[in-house]
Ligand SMILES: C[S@@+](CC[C@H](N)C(=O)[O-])C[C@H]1O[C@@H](n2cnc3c(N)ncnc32)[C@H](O)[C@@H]1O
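Single chain ahead, by itself, as C-alpha cells, in the form predicted on its own.
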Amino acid sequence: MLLDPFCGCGTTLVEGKLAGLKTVGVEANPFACFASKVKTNWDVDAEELLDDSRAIAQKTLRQLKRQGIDDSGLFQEVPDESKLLTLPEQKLKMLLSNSISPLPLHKSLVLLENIKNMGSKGLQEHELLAFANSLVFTVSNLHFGPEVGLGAVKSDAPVVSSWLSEIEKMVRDLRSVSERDYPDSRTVLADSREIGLHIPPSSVDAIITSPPYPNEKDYTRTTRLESVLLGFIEDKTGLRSLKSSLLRSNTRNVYKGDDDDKWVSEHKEIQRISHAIEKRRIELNKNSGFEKLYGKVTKLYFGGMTRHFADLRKILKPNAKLAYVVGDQASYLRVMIRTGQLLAEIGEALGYEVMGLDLFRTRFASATREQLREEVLLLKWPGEKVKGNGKGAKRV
C-alpha cells in the first residue's frame, strides 16, 4: 500500500497505480480531492464519455447561437453584460478580481448547467473535471507562477471547444489503460494531522509525498475559481472551514485558537527561528497583520507536521519507508528555514530512522538572491520497540 498524505490532485496515486501498486491519498482541499478521485477512476468507457460529451457540446453551442453568441472566441462583439449569466455576489467576492471575464463566464455557466443536467451517470465527474481544467488554463485570465495571479485579461475565449479538447485527452488516457486491470486507488477528504482516523492501523508500506512548505502561498487560491464554480466552496464560511482543515503553512489560514505550536515548544532551533523572524520584523518596522504572524505560523507549521508524523505511526507497517519532498524557505523576512533538516529532527525524536536527506534540485529565490535546496527526506518507521529481553518485555 502506497500512501500520499498530501496528495493534491493525485499525481503520485496515478503513477503508483500505473506501476501496479495499491494506492491511497489523503487531501483536505475538496476540489483537489475530487480531482484525485476522478483521475484514479479508470472504470469508464472512453467511447461513451466521448459521445456523451459531444452531445452536451452540441446542445451548448445551439443555446449560445440562439443568444447571438459565437463560441470561437475570435473578434466577437461583446453582448450586453446585463443579459449574461453570472455568479451570486458572495461567490464573486471570493474570486481574484478579473479571474474570468463576463462573456467567458456566461458561456462556462451555460456549459456547466448542461453537464449537470445531461451528463450520464458514471461519466459526469470526468466531464466536470475536464470543465475545471479548461476553465482555469484556457478560459480564465489566471496566470500561475509562485502564486496565482492575473495574466492577460481576455474579453472572450473559446469555452466548448476547450472543454472538448480536455475530454479528448481523457479519452486517450482511458484507452491506454483499457487493456489490463490495475489495483484499487482511493482518496479520502481529511486533515492529514488526523490521518489515523481515516486509514486502517498498520496498513501502509510506503509514503511518497510533497507537503506544503512554510511560505506565503495560499493553496486555496490556486483552486479557488474551479472550487467556487463547481460548488465546493459556497461562501466565506465554507472557505474558512476549508482553511481550518489545512496544515498551517501561511498566514492566511492562521486562526485564533490554533495551538499546533505547542508540539514544538521545546524544539530550540524552531523557537530560535521564530524569534529571529519576529526580531527582524521589529527592526524593519513591518507592522501589517500578516507580517506579525510570520513567527507564529513558522511554529504552527512545524507543530502541525509533528502532529502528522506522530499520528502517522498508527497506520505504518514495521519498516515502512517514507519519502517527503520538502524545500528550504526564506519567505519570512529572509530568515532561512531549513525545512528538511528540521523535519528530520522531528521525525527522529518521534522514533523514525533518518535514512537520508538527498538533494532533489535547487531553485533561485528572488528575495534572497540565492539558491534554495529542495530535498527528499527519507525516513523509516522501525515499528514498535521492545524494552528488555525475554518474558515480560514491554512494547512502547
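These numbers come from a predicted model, not from an experiment. Don't overthink the numbering: it's just position in the shown sequence, from 1.
We do not show the form predicted together with the named molecule, though everything after this point is about it.
**Student:** Answer yes or no: in the model of the complex, does the named molecule come within 4.5 Å of a heavy atom in every one of 99, 133 and 162?
**Tutor:** The answer is no: none of the three residues contacts the partner (heavy atom, 4.5 Å cut-off).
**Student:** Looking at heavy atoms inside 4.5 Å, which stretch does the named molecule contact in the model of the complex, given the options 183-191, 165-173, 112-120, 274-282?
**Tutor:** That would be 183-191.
**Student:** Hey, in the model of the complex, is residue 3 touching the named molecule, heavy atoms inside 4.5 Å?
**Tutor:** Judged by the heavy-atom cut-off of 4.5 Å, residue 3 is well away from the named molecule in the model of the complex.
**Student:** Would residue 335 sit within 4.5 Å of the named molecule in the model of the complex, counting heavy atoms only?
**Tutor:** No, residue 335 sits far enough from the named molecule in the model of the complex that none of its heavy atoms falls within 4.5 Å.
**Student:** So in the model of the complex, does any heavy atom of residue 158 sit within 4.5 Å of the named molecule?
**Tutor:** Because no heavy atom of residue 158 falls inside 4.5 Å of the named molecule in the model of the complex, the answer is no.
**Student:** Contact with the named molecule in the model of the complex for residue 245, defined as at least one heavy atom pair within 4.5 Å: yes or no?
**Tutor:** Contact with the named molecule, yes.
**Student:** Please pick, from 309, 324, 219, 263, the one residue with any non-hydrogen atom lying within 4.5 angstroms of the named molecule in the model of the complex.
**Tutor:** Result of the distance check: 219.
**Student:** Using heavy atoms only and a 4.5 Å cut-off, determine which of 9, 24, 372, 379 is in contact with the named molecule in the model of the complex.
**Tutor:** Of the candidates 9, 24, 372, 379, 9 is the one lying within 4.5 Å of the named molecule in the model of the complex.
**Student:** Select from 207-231 the residues with a non-hydrogen atom within 4.5 Å of the named molecule in the model of the complex and write them out in sequence order.
**Tutor:** Contacting residues: 210, 211, 212, 219.
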